[in-house]
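There is one chain below, alone, in C-alpha cells, taken in the form predicted on its own.
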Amino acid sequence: MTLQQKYTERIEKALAKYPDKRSAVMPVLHIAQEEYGWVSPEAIIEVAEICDMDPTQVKSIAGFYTMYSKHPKGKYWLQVCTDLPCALRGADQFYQELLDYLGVEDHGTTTDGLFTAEHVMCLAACDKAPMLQCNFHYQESLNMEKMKSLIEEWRAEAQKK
C-alpha cells in the first residue's frame, strides 16, 4: 500500500493548506518518516509524486533539515542537546551515560532496534538541560535515574504492541 493510499485523508488535508502542492512537501515528508521510520529513497519518490516535484528537490529538502532521518532509526529517536549552554548544565556527561546505559555509540541503535541515540545542537530548552527530544517530544530536566525510568517505560510500551 502506498503512502498516498494509506494516508489519503492526512495528505489531502496537508495539500489543502497550500495554494501549491509543492508547499506541502515538509508535512508530507513527516508523514513518510512516521510511516517508514526514516526518509528512504523510495519515500523520496513517493513524496515527489504526491507534491508534483522532482525527487532531487525533495531529497535536497529532506537532506537540509535535521528533523528528517536519512538512515533507519530505532522506534525511539533520542536526540540529546549538547550545545554549549546544555553542556554547561551537564549534557555531555548525561549523553555519555545514556550511551553507556543503552550499550551504543553516538548515532547508534540498540540491538533490539528500539532506541537510537544521537547528540544534536540546540533544541531551544537550555534552561531545562540536560534534556532530549524523543520522537519530537521534549523530556526536560533529566538525570540518569529519570532517563532509565523513561527507557523502561518505552520498552514496556513497545512490548505491548
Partner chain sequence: MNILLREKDIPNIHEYDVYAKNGGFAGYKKALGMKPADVINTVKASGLRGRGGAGFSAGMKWSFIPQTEPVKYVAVNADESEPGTFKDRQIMENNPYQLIEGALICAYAIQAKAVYIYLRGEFWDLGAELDKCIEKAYQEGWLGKNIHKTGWDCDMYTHLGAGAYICGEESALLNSLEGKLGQPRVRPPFPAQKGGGLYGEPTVVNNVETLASVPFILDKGPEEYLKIGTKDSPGTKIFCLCGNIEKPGNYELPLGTTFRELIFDHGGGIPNGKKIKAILPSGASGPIVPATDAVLDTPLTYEDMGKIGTVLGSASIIILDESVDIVWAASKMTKFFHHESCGKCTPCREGTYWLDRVIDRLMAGKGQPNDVDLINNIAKNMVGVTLCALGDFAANPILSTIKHFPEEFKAYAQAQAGIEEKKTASPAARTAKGNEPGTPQGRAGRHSPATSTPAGD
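Quick caveat: nothing in here was measured; it's all calculated off a predicted structure. Residue numbers count along the first chain shown, from 1.
Quick note: we don't show the form predicted in complex with the partner chain, though the next part is all about it.
Taken together, 36, 144 and 152 are entirely out of contact with the partner chain in the predicted bound form: none brings a heavy atom within 4.5 Å. A heavy atom within 4.5 Å of the partner chain in the predicted bound form is found for exactly one of 63, 113, 55, 108: 63.
Contact annotation for residue 12: none of its heavy atoms lies within 4.5 Å of the partner chain in the predicted bound form. In the predicted bound form, residue 75 stays away from the partner chain, with no heavy atom inside 4.5 Å. Taking the partner from elsewhere, residue 45 is found to have every heavy atom lying beyond 4.5 Å of the partner chain in the predicted bound form.
Taking the partner from the other structure, the partner chain in the predicted bound form has a heavy atom within 4.5 Å of a heavy atom of residue 22. Taking the partner chain as it sits in the predicted bound form, the stretch 131 to 147 comes within 4.5 angstroms of it through a non-hydrogen atom at 133, 136, 137, 138, 140.
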